[in-house]
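In the form predicted on its own, a lone chain appears below as structure tokens.
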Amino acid sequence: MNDIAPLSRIRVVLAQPSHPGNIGAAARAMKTMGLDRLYLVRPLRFPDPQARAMSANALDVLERAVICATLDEALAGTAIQIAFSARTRELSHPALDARAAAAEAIDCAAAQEAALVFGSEDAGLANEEVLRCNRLAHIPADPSCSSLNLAAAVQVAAYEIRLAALARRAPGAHCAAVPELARHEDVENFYVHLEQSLIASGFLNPRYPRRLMERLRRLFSRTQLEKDEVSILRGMLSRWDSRRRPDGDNS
């Protein structure tokens, strides 16, 4: 029985896992730390006997796993999405260590949903998947062998999450109020709207949108967009869009 409420609002997302044994071992790693919400994005083999065998006493976590067709589907409803990667990313968010990332996730999970996102065993997370998240985290392993097994990475992250949750409940702990953050889907809709407006204005070449949009994602991810702020930004874009239309109000 999980007695630390924020843990119930944290999901673990495995993007395109290829080995069912790692799915089962990840479920076991989660349950030992009080996490039980597993999301799988296009798993190569699941359900699978090997996953069940490796899950040990975490069969309930496996049986409740949510299968998703896209990463966006797995992240829907979350306010913070933390991408775990062993690789440095030239055009991405500044990387947090696992402990700092866990503290942010627990602060968010006091009231909203948070996600820990892990990539496939062979390639990790693609840049496009990292850019779907608003945080980047790494586990400070030895540089000579920095890539952890998928289930091992989930175990380390889940341990840090539990420590952060326990610290939040400790007597005298100061828990800063966290504003209502924008949900993943609302931020993604904003990026779509922003790209369309930039193309319509002539500022963005529709043939080469990727580089600029990646930089804009990095910029906005650093601001920790709140729900009301996304509404303001969408309203600004809508007003500018209407003034460009032939029948728009140009007063």
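One-based numbering along the sequence shown. All of these numbers come straight from a predicted model, not from anything done at the bench. If you superpose the two forms and keep the largest set of C-alpha atoms that fall within 1.5 Å, you have the rigid core.
This next part talks about the form predicted in complex with another copy of the chain, which is not shown.
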Would another copy of the chain be touched by all three of Ala98, Ile139 and Thr223 in the predicted bound form, meaning a heavy atom each within 4.5 Å? yes
Candidate stretches 67 to 75, 125 to 133, 107 to 115, 142 to 150, one within 4.5 Å of another copy of the chain in the predicted bound form by heavy atom: 142 to 150
Answer key: of Arg42, Arg52, Lys31, Arg37, within 4.5 Å of another copy of the chain in the predicted bound form (heavy atoms) is Lys31
Would you please decide whether Asn189 lies within 4.5 angstroms of another copy of the chain in the predicted bound form, comparing each non-hydrogen atom pair? no
Within 4.5 Å, heavy atoms only: does Arg87 come near another copy of the chain in the predicted bound form? no
Can Arg162 be called a contact residue for another copy of the chain in the predicted bound form at 4.5 Å between heavy atoms? yes
Looking in the predicted bound form, any heavy atom of Ser120 within 4.5 Å of another copy of the chain? no
When another copy of the chain is considered in the predicted bound form, the residues of 218 to 241 having a heavy atom within 4.5 Å of it are Arg218, Leu219, Phe220, Arg222, Thr223, Gln224, Leu225, Glu226, Asp228, Glu229, Ile232, Leu233, Gly235, Met236, Leu237, Arg239, Trp240
If I superpose the two forms on their rigid core, does the C-alpha of Arg210 end up displaced by 2 Å or more between the shown form and the other one? yes
